[in-house]
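Single chain ahead, by itself, as structure tokens, in the form predicted alone.
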């Protein structure tokens, strides 16, 4: 069990691998199933983990994208994400990590304020996506978006790199934290 590095394994031929990290097993599995239903030119592999570090396994493929799923209804979810981030190499944050906040639709039930997750994403210079994964239509749309981002991070979209995507996503965001 060690730090997860983006280039510690050789890439698989025409394979894109995503790691979904979060405490909500059922929601992660539903999102994974939705992603696998998407039409993708690459062979799509979805791995789920409650937390990091991953057990050291020789058979583990190279991870092209890590998505930290934070449930805004659970303080444990945020704490788990913060602890897991310690086991990710800094070079992963060059476009190969994003945060997905779920449960924002019912703000009265939230135990984590949105601003907390925004600050976390800003600290790690990574995109933050919002989606209510409990709603099938929203989950399917998020699955499409994540598959597209994964293809870019895996290098399967000519002319666009993970770092290019990161800069595009950062420029499309609203005002910076200092402006708020």
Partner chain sequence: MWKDMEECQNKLSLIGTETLTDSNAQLSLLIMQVKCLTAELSQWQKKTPEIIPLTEDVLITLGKEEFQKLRQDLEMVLSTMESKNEKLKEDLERIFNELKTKMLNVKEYKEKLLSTLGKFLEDHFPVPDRSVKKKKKNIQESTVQLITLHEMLEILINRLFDVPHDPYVKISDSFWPPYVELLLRNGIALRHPEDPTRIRLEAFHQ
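Positions refer to the first chain, counted from 1. Since the structure is predicted, the reported quantities are computational estimates derived from the model, not experimental observations.
Only in words, not in the display: the form predicted in complex with the partner chain, which the text now covers.
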**OP:** Evaluate residue 122 for contact with the partner chain in the model of the complex, applying a 4.5 angstroms cut-off between non-hydrogen atoms, and reply yes or no.
**Re:** yes
Original post:
Hey, in the model of the complex, is residue 104 touching the partner chain, heavy atoms inside 4.5 Å?
Top reply: no
Original post:
Might residue 19 be said to contact the partner chain in the model of the complex, defining contact as any heavy atom within 4.5 Å?
Top reply: no
Subject >> the partner chain contact in the model of the complex: residue 156, any heavy atom under 4.5 Å >> reply: no
**OP:** For the stretch 131 to 168, return the residues whose heavy atoms include at least one within 4.5 Å of the partner chain in the model of the complex, in the order they occur.
**Re:** 159, 161, 163, 164, 166, 167
